[in-house]
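As a starting point, one isolated chain is supplied in structure tokens, in the form predicted on its own.
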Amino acid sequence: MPTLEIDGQRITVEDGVNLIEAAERLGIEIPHYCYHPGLTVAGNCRMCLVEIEKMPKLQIACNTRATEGMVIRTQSDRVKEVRAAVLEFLLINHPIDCPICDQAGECKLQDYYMDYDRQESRFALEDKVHKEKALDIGPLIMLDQERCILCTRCVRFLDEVTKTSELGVFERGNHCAIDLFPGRRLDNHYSGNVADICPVGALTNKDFRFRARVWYLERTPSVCATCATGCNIDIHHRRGEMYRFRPRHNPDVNQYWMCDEGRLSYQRYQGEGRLLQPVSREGDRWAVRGWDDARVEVVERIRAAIAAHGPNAVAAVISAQATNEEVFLADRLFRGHLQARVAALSWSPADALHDDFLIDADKNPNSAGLRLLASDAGLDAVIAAARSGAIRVLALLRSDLLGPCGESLLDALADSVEFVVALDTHFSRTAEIADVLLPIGSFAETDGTFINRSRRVQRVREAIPPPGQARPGWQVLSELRRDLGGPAVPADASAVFTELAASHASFRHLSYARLGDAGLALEGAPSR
């Protein structure tokens, strides 16, 4: 492990670490465009040149490994002079359309100009080489060739990560430009990542363009709920509205990337159909209820069914869309406290999109947690009991039965079960058979944890509050448990997790504080 000195500070790093990474660990930023830690080194932007003692020429930090005894200077006059020269070169033909460029706030060309250049251009505006602007190159991506500085991050991503190679560098000299290969479109399942890694405004995301300035957005670390992979993401939001999901680096889960399906999944939680207040069925219409009234009705129907027909007259279906905290509380309430039947639902379409990288065929974020924390009487057995009339009260937690059961079976359940209560985020075909609907928050509107396909426990956080009168699922379940004779409502989701950890050996070494932003692997849990 070499020890070196950077700007007067000594550091010891692992073998193979380059100077950009070594400097970052000291809190020193070496400016760069073409270098990305998830891609091969190109060394073409020359912005990361640094001075190394005993070397006559400046060296690029991205392709120079830290070695024993190195003495590096990143802020000398010689280095700053070169950086200004590199920026002047990169800006010769740049359109300087910063006021209208939607990369403002995230543009490294803009940032570094302010840090290292700040000189008037010696190149006349009318002499700039003009290239294509606002090219629609794929379902998700727009290309502005004039803004491109040819760092080739996008080309390397498509060559090395997706291996689809839609983009290349064409022409020569001043007319050099990134473009699609003839007959191609940038239309792979990970296309949105090229906008994330573009250091300037050349590649932008259609979904986010012109919707918000980034300096107005807040960022909350969370986990994608689109499939069992559990890609780490940042939720960008403002005033209770989500604007985008972007991948967050986690070398044990998703590296630096995420799929387009997960990237756009925030839209489904903000569209029409959200449950905004408790409602109950009155004839052919839904009547708005207060939370206390709706909960009292649910509790009374459960108590009445058990008093008249025993605990087997009540059943709950818990889906793998629920957090561990929700699964734990629901299982404790129905199986533990009421001694009712519980069925675990982890369903995905037979033709669900999947690959050998990040996209999993299991379209549930917490199938592993459901298997670990919920008892399972079997969905088929519970449905059969319900159809026979043996089940008088059926509770559904984030459980859409349309996929696994079909419409005709849903209608049969509506006829055979006396009372159905659904805790969910949206109106759905399944919600139509319910007698009471209790609105709960999505994964982006509640605190909790999921266990991904690699048995890693990861945090989701409340980025925005649940809309309308919706409440976090753990809170609604805790209130039902209290009303049915259980303990008091926990103060927050962390308290629920503490209770969970005390009850299950696999979780005893875990807490929200220990999980942090990256999560931790579960010990002793069964594999999928």
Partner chain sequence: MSEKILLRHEDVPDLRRLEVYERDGGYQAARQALGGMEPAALVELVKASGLRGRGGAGFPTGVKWGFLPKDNPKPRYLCVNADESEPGTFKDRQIIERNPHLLIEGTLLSAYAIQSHTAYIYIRGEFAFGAKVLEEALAEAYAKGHLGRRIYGTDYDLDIYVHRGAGAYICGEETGLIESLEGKRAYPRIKPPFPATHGLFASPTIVNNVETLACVPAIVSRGADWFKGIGPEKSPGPKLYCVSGHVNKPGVYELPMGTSLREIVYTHAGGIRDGKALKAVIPGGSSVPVFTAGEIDVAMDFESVAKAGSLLGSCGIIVMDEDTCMVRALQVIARFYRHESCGQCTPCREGTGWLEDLLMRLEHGGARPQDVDLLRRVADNMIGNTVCVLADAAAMPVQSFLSKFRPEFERHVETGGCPARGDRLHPAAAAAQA
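Every value quoted in this text rests on a predicted model; they were computed, and no experiment measured them. Positions refer to the first chain, counted from 1.
Form predicted together with the partner chain: not shown, discussed below.
- Residue heavy atoms within 4.5 Å of the partner chain in the model of the complex occur in exactly one stretch of 171 to 179, 432 to 440, 341 to 349, 295 to 303, and that stretch is 171 to 179.
- Against the partner chain in the model of the complex, the set 216, 264 and 267 makes no contact: no member has a heavy atom within 4.5 Å.
- This chain is displayed alone, yet in the model of the complex one of 417, 372, 158, 150 has a heavy atom within 4.5 Å of the partner chain; that residue is 150.
- 43 is the sole member of 465, 37, 468, 43 with a non-hydrogen atom lying within 4.5 angstroms of the partner chain in the model of the complex.
- Though the partner is left out of this view, residue 92 does reach within 4.5 Å of the partner chain in the model of the complex, counting heavy atoms only.
- In the model of the complex, the partner chain sits within 4.5 Å of a heavy atom belonging to residue 123.
- In the model of the complex, at least one heavy atom of residue 57 sits within 4.5 Å of the partner chain.
- Using a 4.5 angstroms threshold between heavy atoms, residue 200 stays clear of the partner chain in the model of the complex.
- Applying a 4.5 Å heavy atom cutoff to the partner chain in the model of the complex picks out no residue from 438 to 466.
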